[in-house]
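First, one chain by itself: the form predicted on its own, in structure tokens.
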Amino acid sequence: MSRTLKVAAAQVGGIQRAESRQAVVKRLIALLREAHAAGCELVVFPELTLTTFFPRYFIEDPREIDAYFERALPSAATQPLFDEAKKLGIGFHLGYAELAEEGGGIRHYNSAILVGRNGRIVGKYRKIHLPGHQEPIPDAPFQHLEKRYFEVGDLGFPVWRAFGGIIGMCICNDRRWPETYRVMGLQGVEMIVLGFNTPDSNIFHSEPVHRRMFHHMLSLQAGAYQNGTWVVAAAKSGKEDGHGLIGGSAIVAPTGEVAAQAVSEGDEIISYACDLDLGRNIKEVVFNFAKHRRIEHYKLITEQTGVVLPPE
């Protein structure tokens, strides 16, 4: 008998810089209720869901920066979301900026949590592939200062037995790296949930928005197929204080086929009843890791970071 998990990707339209966490949480609760009414058991919210995408701004005051971070979840502002989820018996994935007191110091991470149907946190992930730059770029239309405001995640790519399957998490730029999916694939992952905030323009080179959407979908579909896993991606999208973010929230099957995709750039629920056994044949035949992987020839992947050209 197949194992079915009905999941929703909860796309969230632009969050303005002046919008309070309480106002955002009300929007998330509305999406949670809509997903529950559709019979969903798990809702995936975007990266940095609770605030505007603040890495686009160069902020010098540490207190102003820290105001975007959460010291603990649930917080006073987010407790209503946890309470409503527990009341409805629905789980969720939430991306947020995490301020952690660890090792005798303060650490800043771009993080996500997975919350069970009982309102309790099942697991946490901290973003590993931080894009952008550390120092502000003069005259750029906006900044992308993730390398300035966040540290590289230190939890690896774990998976959890939850919602009747094996669930993993990643965040935004992680989805573009095949290593992200493969590490979880080697742990038998059956569904990867993720949130993203992807600008509709690139400050480093000219790139049309349709190509950015194509690369986004390509990454999800390739990662899903090559590891026989569902991938559920939720966008923060639309205009934030005049800056655009692509939509493209999607649920991708282990076959690489798109099962559902958002059609707007605003608050929107898309859902699908995912057969967690659908990827079994892919795992057992085409991508049977134990039978076909040749790790003796993959050493460059872990021994070398950048490109080294062959001798002339």
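Note that residue numbering follows the sequence shown and begins at 1. Bear in mind that the values here come from a model prediction, so they are computed numbers and not experimental data.
Below, we refer to the form predicted in complex with a small molecule, which is not included among the displayed structures.
Residue contact check: E98 to the small molecule in the predicted bound form, 4.5 Å heavy atom = Judged by the heavy-atom cut-off of 4.5 Å, E98 is well away from the small molecule in the predicted bound form.
Spell out, yes or no, whether the shortest heavy atom distance between N173 and the small molecule in the predicted bound form is within 4.5 Å. Although the small molecule is absent here, N173 would touch it in the predicted bound form, with heavy atoms inside 4.5 Å.
- Counting only non-hydrogen atoms and a 4.5 angstroms cut-off, does F45 reach the small molecule in the predicted bound form? No, F45 is distant from the partner.
- Message: So, R212 and the small molecule: in the predicted bound form, are they within 4.5 Å at any heavy atom pair?
- Response: Within the cut-off, so yes.
Practice task
Please pick, from N197, T180, S111, N227, the one residue with any non-hydrogen atom lying within 4.5 angstroms of the small molecule in the predicted bound form.
Solution key: Only one listed residue qualifies here, and that residue is N197.
- Item | Residue among G89, G164, P80, P131 with a heavy atom within 4.5 Å of the small molecule in the predicted bound form | Looking at the other structure, the residue within range turns out to be P131.
Heavy atoms, 4.5 Å, the small molecule in the predicted bound form: which of 113-121, 229-237, 142-150, 99-107 makes the cut? Say which one. Comparing against the small molecule in the predicted bound form, the contact stretch is 142-150.
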